[in-house]
Every structure is written in C-alpha cells, then in structure tokens.
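Let's start with one chain on its own, the form predicted alone, as structure tokens.
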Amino acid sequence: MWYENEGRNTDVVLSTKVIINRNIKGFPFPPKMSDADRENVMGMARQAAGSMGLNFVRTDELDDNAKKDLYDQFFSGYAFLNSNAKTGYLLGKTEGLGVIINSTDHLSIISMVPGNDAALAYKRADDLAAKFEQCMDIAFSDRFGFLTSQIKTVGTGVQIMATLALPGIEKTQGAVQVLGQRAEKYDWQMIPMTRPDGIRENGIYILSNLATLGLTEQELIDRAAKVIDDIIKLEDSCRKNICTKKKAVIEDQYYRAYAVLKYCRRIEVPEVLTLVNWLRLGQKYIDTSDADIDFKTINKLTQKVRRNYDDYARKGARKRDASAERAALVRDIMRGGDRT
C-alpha cells in the first residue's frame, strides 16, 4: 500500500491527501444528474483516460476483492463502493493516485502520499488534472475559477487534507483548542477523525482547508506547509514534555500496550487505536530497547486497523469472529508480517 512507503514526519503526519475536483461543461453536478448524464460522463472520462494510461472500472461491476482493495487504499467509502449509482474509477500504476467519477463532482482526482508532503501530492494530482483539461471542456468561470458542486472548493477546486496522529496534544490540557484556533487563522479546520460506524479514532485528527476562492494553488500549499509545521512542532513538544515529567507512567503504559498488541487473541478497533497512541507517544522519548517496533510498523498498524473493509463487509458475522481476525492481523503486523 502507498501508506507503507517512507514519508516525511510520519511520526505525526500519517498521510497527506489532495483532491482536485473538475466538472464537464454542459452537465449538472452529480447530485442533480440523471442516469443518462452519468453514463455520458463516464463514457467521456473513459475515452479521455485511454490516452493517459489509466484503466476504467465501473463501481457496479467490481467484485468483493476489488472493492476491498479500493477501500483499503482510502479511495472511497464503503457506502459509495456498494451503492447502485452509476459511478466509476480511473486507476493507473502509481499507488495512491486515481480518479473517482460521479461522486460529489464529475471528476475527483485523488493523490495520497505518506507523511507530510502537500507539494508532491498536489503536483501528481495537478499533472493528471491538466491532461483532462486539455481533452475535455471543463466548467470554468473567468470570475470565479473552476466551478464545483461545493462552494468551499470553487476557485482552484483543490482540497488538501492531512491525517494527523496527536496523542501528545490530546493529552495536554487545552492544547487541542489552541491548535484549532491557530488553524482557523489560516482558514483551515481541524476535526477529530470519526469512523462511519460512529467510533471516534482516539488521537487522530483531520486538518483541511476551508475555502479556495480567492487563493492560488501555491498559496494553499504554502498555508498547508505552515500550519502542518506548527502542528508537528507543538505535538513533538507535548510528547517530550509528557515523557519527561511522567517517564515512569509512560514507560509502563508503552510496554503494556506493546505486550497486548503483540499477543492479543481478541481485540476491538477502539482498543487498538488507544494502545497505538501509547506507542506513538513514547517511541522517541523513553527507553524502548526492549520493544522491537518502529514508527513504520506503528503507522502500518494504525492505517490497516482503522481502514479495514472486512469490518463493514462482515457485519453479519459473530462479533468474536471479527475480534479474533483483527487480533490475528495485529499480531502479524507486530512481528513484521505482510498479512492483508
């Protein structure tokens, strides 16, 4: 998976996602489209993709394995993959790069990279967007810029989202509120990550831009870099402060978490994420010589457990079966395996 590759500041920034939204002139936005319009848009996207080395797939023709792969790679949600709407994907050889057809906009070009690198994620998406703009009549206004279905993306049509692991800030009184206020000054928002089933992912937050109108793409990227750098510094400072002042407590929690994750036989998602928070919090600032784990493994564990298609697809299964399978996945990751 793309998120298992090396990235910058992956101890804090799990991943960076850039979405460039584009719409074809002459068609309503997807929420107002007829089935015929949807079919026409998919046909035009498929024709354009032929010259770009992208493969076209219809969502309603995907088998379970293909849906699992797309979901586990963070391309879209479970409900979108399993709906009867006329939607599709364009996928190439580059991991973490693809196009969703007929979601909120006609074309949503998605680029995801591990760690903190909004510039790289944007460049990959923009290069692909430029190819579509050359061969399709894209909806554009000289006054407003690119036209999209959501007012917050009108202008550049760009959304930037960073997934952040912030156990230090979350455990420091008042730090989350301070950070949220800092982000708002740059027209960004930071919200806790919540799973579709309503479970909050402890210590994980999403940082995203609130608007694009009146800003250039470079200004958005520069603001992303500034805000994320501030968050990284604050999180690192909080982790160091907590581990210094409460060293014995953190070491105890760290090794308890390590042991449970390494040997568990049944475990639920919230518990995994809570335990991973202790590993992430103490990894740099306590003695971890007795634990055979690094940030790459911690991140892999975080991503695979919080984004697991099987958790939704097997809702009819007995709960203990899902817990046991999840525990087996966790144990395999902890010992350096590559189970999917």
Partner chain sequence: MRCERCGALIGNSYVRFNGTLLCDNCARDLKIDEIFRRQNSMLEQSFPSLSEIPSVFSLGSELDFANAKIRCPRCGMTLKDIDSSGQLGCIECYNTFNETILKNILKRQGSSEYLGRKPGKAAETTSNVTEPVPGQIPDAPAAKDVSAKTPAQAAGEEKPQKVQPDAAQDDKAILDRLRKADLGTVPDDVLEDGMKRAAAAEDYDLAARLRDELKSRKEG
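Numbering follows the first chain given and starts at 1. Note that the structure is predicted; figures quoted are calculated from it, not measured.
Just so you know, the form predicted in complex with its partner chain exists too; it's not on screen, but the next bit is about it.
Partner contact region in the predicted bound form: 118-126, out of 118-126, 79-87, 260-268, 92-100, criterion any non-hydrogen atom within 4.5 Å of its partner chain. Residues Leu54, Ile298 and Arg307 are none of them found to lie within 4.5 Å of its partner chain in the predicted bound form, as judged by heavy atom distances.
In terms of contact with its partner chain in the predicted bound form, the residue from Leu234, Cys243, Leu215, Met161 that brings a heavy atom within 4.5 Å is Leu215. In the predicted bound form, its partner chain sits beyond 4.5 Å of every heavy atom of Gln253. Remark: Ala130 counts among the residues lining its partner chain in the predicted bound form, judged by a heavy atom distance of 4.5 Å or less. Among heavy atoms of Cys238, none comes within 4.5 Å of its partner chain in the predicted bound form.
In the predicted bound form, none of the heavy atoms of Ser111 sits within 4.5 Å of a heavy atom of its partner chain. Residues Gly145, Phe146, Leu147, Thr148, Ser149, Gln150, Ile151, Lys152, Val154, Gly155, Thr156, Glu170, Val176, Gln177, Gln181 are the ones in 145-183 with at least one heavy atom within 4.5 Å of its partner chain in the predicted bound form, listed in sequence order.
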